[in-house]
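Presented below, as structure tokens, is a lone chain in the form predicted on its own.
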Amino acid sequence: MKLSEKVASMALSPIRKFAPIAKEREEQGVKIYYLNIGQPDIETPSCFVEAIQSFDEDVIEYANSQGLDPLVDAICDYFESYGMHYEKEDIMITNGGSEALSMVYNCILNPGDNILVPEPYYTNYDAFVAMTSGYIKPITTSPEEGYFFADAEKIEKCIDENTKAICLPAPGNPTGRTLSLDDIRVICEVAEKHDLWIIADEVYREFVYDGGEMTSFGMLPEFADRVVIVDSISKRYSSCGARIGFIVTKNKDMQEGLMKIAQGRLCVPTLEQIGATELFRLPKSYYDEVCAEYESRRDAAYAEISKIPGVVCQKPGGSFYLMAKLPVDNAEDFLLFMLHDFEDNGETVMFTPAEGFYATEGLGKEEIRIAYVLNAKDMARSAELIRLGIEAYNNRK
């Protein structure tokens, strides 16, 4: 018996595959600072659990396939607060942002079709697209240019007769790249010219720093018919395990296709939807406080990373990730050295080698992604360990 060619072509996550090595080192008594996974440590707002605890029905019934009405209404109100108007029929609740992406890809891709994605990109895009028998065509960016991709000529060079969509995170994972409204317009105009869908992964929407303006692909209503926004409560509300995501689009054909898939998987968990409803009723001051905390963590990490001689790293403007091109010959080999052979005062660090975030072979070998999800003091120490580790690694070689 054999597995399908689709699943055989898929790779294990480069974000998680070194975890067993780190666990083994921890069992030896070494403290490890984990910067490899975007798991926030900020406390989940208490209203989420309180709402679930207040549930007093005798039976936990199926929810409808679109999602609970109170949650859909709360999401509409959330967007309205930013000047973006959506009706209830424009919203589809999903099992996290991951299912949202998978559902959208299945709605638009036939075998052999492709989507354009700026590289480096969130590695799970590969798995979601592979499940459709489609593939990713990368829009290549570089650390030297700050991973910039909102350029019409650069995008159009990648379009072919099988291209169906442009998919992009805004702000970016893994780069932290943000988009201005002018950048968004450039991308939308290219998509309109070539009749492409725009899949906007906006799970980090509020995570914009240095006084930057929060933007969304929903802010240009003239392109609404081709825009599909994917979102989630995971990062915004530090609720990764709740697995509540949603899709926002005014395109009726897309909504009909999504409903076919949604009915096939029945529904999203009822209790988590009840909790998520209250999260969307939090005041905007909540986002301000969370952003200020992540900005301080970014600043602590960036200040220390910048001390590394020969490093290429531009300060990210959003999300909670930082990419850096290090003065090492191979970032994966360097990580293995950090986990197996290096410690400073009984401590070492785990990050993610960036090669797995690229589709183009050979790129990213010297780059790493760190998630600044620890407090500022620990972020500074983690980045210091990377700097000290590079010195030891290069001296050994």
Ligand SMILES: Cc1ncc(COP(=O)(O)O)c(C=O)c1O
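Start at 1 with the first residue shown and count on from there. Keep in mind the model is a prediction, meaning the values are calculated, not measured.
We do not show the form predicted in complex with the ligand, though everything after this point is about it.
Enquirer: Answer yes if any heavy atom of residue 203 is within 4.5 Å of a heavy atom of the ligand in the predicted complex; otherwise answer no.
Expert: Result yes; residue 203 sits at the interface with the ligand in the predicted complex.
Enquirer: Evaluate residue 122 for contact with the ligand in the predicted complex, applying a 4.5 angstroms cut-off between non-hydrogen atoms, and reply yes or no.
Expert: Heavy-atom contact with the ligand at 4.5 Å: present for residue 122.
Enquirer: Taking the ligand as it sits in the predicted complex, is residue 243 in contact with it (heavy atom to heavy atom, 4.5 Å or less)?
Expert: Close contact exists here: in the predicted complex, residue 243 approaches the ligand to within 4.5 Å, heavy atoms only.
Enquirer: Examine residue 169 and determine whether its closest non-hydrogen atom to the ligand in the predicted complex is within 4.5 angstroms.
Expert: Yes.
Enquirer: Select, from the options 216 to 224, 267 to 275, 136 to 144, 233 to 241, the stretch whose residues sit within 4.5 angstroms of the ligand in the predicted complex by heavy atom distance.
Expert: After filtering at 4.5 Å, what remains is 233 to 241.
Enquirer: Non-hydrogen atoms within 4.5 angstroms of the ligand in the predicted complex: do 348, 352 and 368 all have one?
Expert: No, the candidate spot makes no contact with the ligand.
Enquirer: Exactly one of 116, 326, 101, 322 has a non-hydrogen atom within 4.5 Å of the ligand in the predicted complex; which residue is it?
Expert: The option sitting close enough to the partner is 101.
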